[in-house]
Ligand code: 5GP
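Below sits a lone chain in C-alpha cells, taken as the form predicted on its own.
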C-alpha cells in the first residue's frame, strides 16, 4: 500500500469533516461490511459519518452494528442526496465505476466533495476519483479497509463490532476462504479480527443459517425447474422470471450464492444466474478456469467485476437475454472446455 496515499488520507482526516461512505447497487456482504467498518472507524476519529447505499441490502446483514443507521437512497432520496451534497469527503467502497452506484451516480458526479475510492475490482475508472486505493489482488474491500486502518495507526480503534463487520466482508467475498483471491494476508487479517473477540461461529450462523422458508423453497425450485446444463460448452445457468420470484415471496438477498450451484457441477466451468428485474434482466457470472467473466460481462452485458466473478445487465426480455447468452457460447467453446 503506497505510503504517499496513506499520508494524503491521514492529512484529509486531520480536520473534522462531514463524511459519506457509499457502495454499489445491490450491496453484498463486502459492500455492507467494508462500508460499516470504515464508518465505525471514522466515527471514532470524531467525524460526522454517514453510510448511504443506493438500494436495500439483504436482511441477513441487518444484525451488523450501525446497519440500522444506513440511509437507503431508494427509500429516502431527499435525505440521501442531502447527505451527499453536504459532504466534504465521500468514500466509494467496493466499486470503481460511478455507474455501479446506480441511482447515486448523478448525485456523486455533481458533488464537489473529494472522492476516495477503496476497491479490489480490476480496471478502475480513475478519472472519477481524487484518491484511489485500488488493489485487485486482495480478497475483498474489507481486507483493504483493515490495512488502511492499520497503516493509519488505528488498529487499537478496531472494536469487536468493527471487526465483525470487516470479517463479514472478507468471509462472504472469499466464499468462506475458498476463492483463489484468498492469500496469506487474508488469513492474517482474519486472525487479527478474531483477536478482537469476534465470534466466527455466530457470524457464520447469522449470514448462512438464517434462510426463510421461502428462500429455501426458491432454491429447490431453481435447481429442479430452472437449471439448464449445456455440457457442450461446459456451461450451466439458472433463470428466474419476475413471476417465479413473486411466487416465492422474493426478498433482497434470496438469490445470494445461487449461481455457485451451477458451477459446482462436475465439468462445468461457466455458470450464470439470469434474473428478471423491474426494467432489466440481471446476470451473475462465475467461472472456474482462466475464462474472464469480467471481460465477458464488460463486452456483452454492460457489466464487469472480477476475473472469475462478475455481473451485468440486459435491456432485452428474459427469454431474449437467455438466447443472447447461449448464442455467445460457441465463440468461447475452446476456452470453456479447458480442464479446470
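All values reported here derive from a predicted model rather than from experimental measurement. Numbering follows the first chain given and starts at 1.
As for the form predicted together with the ligand, it is not shown, yet the points below apply to it.
Of the residues given (51, 310, 272, 64), 310 alone sits with a heavy atom within 4.5 Å of the ligand in the predicted complex. This chain appears without its partner; in the predicted complex, the one residue of 151, 174, 97, 111 with a heavy atom within 4.5 Å of the ligand is 97. Proximity of residue 304 to the ligand in the predicted complex: non-hydrogen atoms within 4.5 Å are present. For the chain shown alone, residue 226 is not a contact residue for the ligand in the predicted complex, no non-hydrogen atom being within 4.5 angstroms. In the predicted complex, the ligand sits within 4.5 Å of a heavy atom of residue 121. Remark: residue 284 counts among the residues lining the ligand in the predicted complex, judged by a heavy atom distance of 4.5 Å or less. Only one segment in the set 276-284, 35-43, 66-74, 51-59 has any non-hydrogen atom within 4.5 angstroms of the ligand in the predicted complex, and it is 276-284. For the partner-free chain shown, just 24 of 23-49 comes within 4.5 angstroms of the ligand in the predicted complex, judged by any non-hydrogen atom.
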